[in-house]
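The chain below stands alone and is given as structure tokens, in the form predicted alone.
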């Protein structure tokens, strides 16, 4: 765990960071983002003591880093920068194993680990004896990642590592980093100026402006609940629609669906639909457990003399959970052609309702906002 507590940084009369405080949990990928000069790279470089705070403290696993030897601290961290930082006079193999060699890792173990790193970043071993100027930009960044992971550090710092790459290489490496993070669960601090990249990669995003930490939260919460106008403008007013996986069923569902009980009469249910201007009722018991759906069409079409509704209830129904995304929801509606989908919790309690019209209304909101 990395903790910044009231950290400031001054250069003569210029304040670069102003009393920033935040915590990076073990295994999280945190993106620092903001406009040029906001202090994000300064913040990153303080973690491995390339820069020292003017005031405040930074701790790693409750130990103040000012009490840790600089070299020992840095050797326990991986570091990936925009131009890879590879040594041009060394082969790819020598670049990857340089820290492991300094740390006296046995030769056989070192060779095996280098092969594992090449496989991890999806590069062929025949590149190991080449030099950096013989590789493409995307390959070099993969080598930079391999070198960062070589000694299996718990913390990896990445300073705009993909910003100089073409879009295809950049997307490929983002996907590769996500795959590695899911497998190894490193604590990664990643500086970027690209909000799309931050949303795609981060567990949490720190938005900075003029040396201040404006908002520190999950991508979902930042998109849905920007802290102020600066964050909303920086993120983009409608960016949430570019990341529909963050829009959940609970954000668009009808929270008070019209219900009935299994013991209610047909007359009561028909009248309730008419008064509520709906064509279906969610059938629940006293504990609000969902038993099925009663459709007005079924009551009209089925020729039964029974006064009760039990024989009319549709029990083979599709349901969703509150935290399902609208991407999942849209697929369910498309596959099942369902016009009415109840929302339930783990215990099958009814918590909401999605209808085709409520989904269309929610999706069309982005265009209404644009017109406004």
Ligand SMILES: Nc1ncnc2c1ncn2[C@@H]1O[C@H](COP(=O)(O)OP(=O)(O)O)[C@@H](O)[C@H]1O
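Numbering follows the first chain given and starts at 1. Predicted, not measured: the structure shown is a model, and the values here were computed from it.
The discussion below concerns the form predicted together with the ligand, not included here.
For the residues 311, 316, 335, 35, the 4.5 Å heavy atom test against the ligand in the predicted complex is passed only by 35.
Residue 42 is the only one of 325, 48, 42, 340 with a heavy atom lying within 4.5 Å of the ligand in the predicted complex. Within this chain, residue 350 is remote from the site of the ligand in the predicted complex, having no heavy atom within 4.5 Å.
For residue 359, no non-hydrogen atom is located within 4.5 Å of the ligand in the predicted complex, even though that partner is not displayed. Though the partner is left out of this view, residue 16 does reach within 4.5 Å of the ligand in the predicted complex, counting heavy atoms only.
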